[in-house]
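There is one chain below, alone, in structure tokens, taken in the form predicted on its own.
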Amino acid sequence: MKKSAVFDLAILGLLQESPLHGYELRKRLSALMGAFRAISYGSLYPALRALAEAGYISETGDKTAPGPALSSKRARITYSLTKLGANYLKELLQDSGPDAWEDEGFGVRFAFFAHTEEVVRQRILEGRRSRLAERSSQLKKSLANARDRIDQYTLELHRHGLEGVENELRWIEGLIAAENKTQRTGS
């Protein structure tokens, strides 16, 4: 899943919940995608325009600013998911390939797991676990090899990174266990 597809998924997923205007959509996207990923209007509005041109979302509201030309009051356009957009969202939610496991897309995918089929969720979680286990192994090797060549602060930074990966790995394993239990009990 490319960056633009992750952004489309986030926008369409939020619009599935309710129609939103640009300011509220930007706020929710920023909360969803994380504090370290600033969502600018310069990236949001072109994405909204492309989704509207594709027929995935519709715009309602006054597209021209009301009042005199010097008025600072902006028009409020509300964006809504169309039937075509709902189908595209379902398609995006079905993607369980390697891009869905990576850092860039996993958080957004996880935010919409309630709308994702069980088997797809399981594949994504298994893929994420595999990716984290691989990363943990690499970090352990790197830490063992560099221990004598780096200062204590850099060493602590490496340890901190490893702890973060191992914590996420335990969390993912707990989620997989919960998914397996749900599948077995059928609830």
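Keep in mind it's a predicted model, so treat the numbers as computed, not measured. The first residue of the shown sequence is 1; numbering continues from there.
The discussion below concerns the form predicted together with a further copy of the same chain, not included here.
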| Any of the heavy atoms of residue 154 lying within 4.5 Å of a further copy of the same chain in the model of the complex? | yes
| Any of the heavy atoms of residue 147 lying within 4.5 Å of a further copy of the same chain in the model of the complex? | no
| message | Considering non-hydrogen atoms and a 4.5 Å limit, does a further copy of the same chain approach residue 121 in the model of the complex? | response | yes
| query | Taking the shortest heavy atom distance, is residue 167 within 4.5 Å of a further copy of the same chain in the model of the complex? | reply | yes
| query | Which of these residues, 140, 160, 27, 49, gets a heavy atom within 4.5 Å of a further copy of the same chain in the model of the complex? | reply | 160
| task | Taking a further copy of the same chain as it sits in the model of the complex, which residues of 78-113 have a non-hydrogen atom within 4.5 Å of it? Please list them. | result | 107, 110, 111, 113
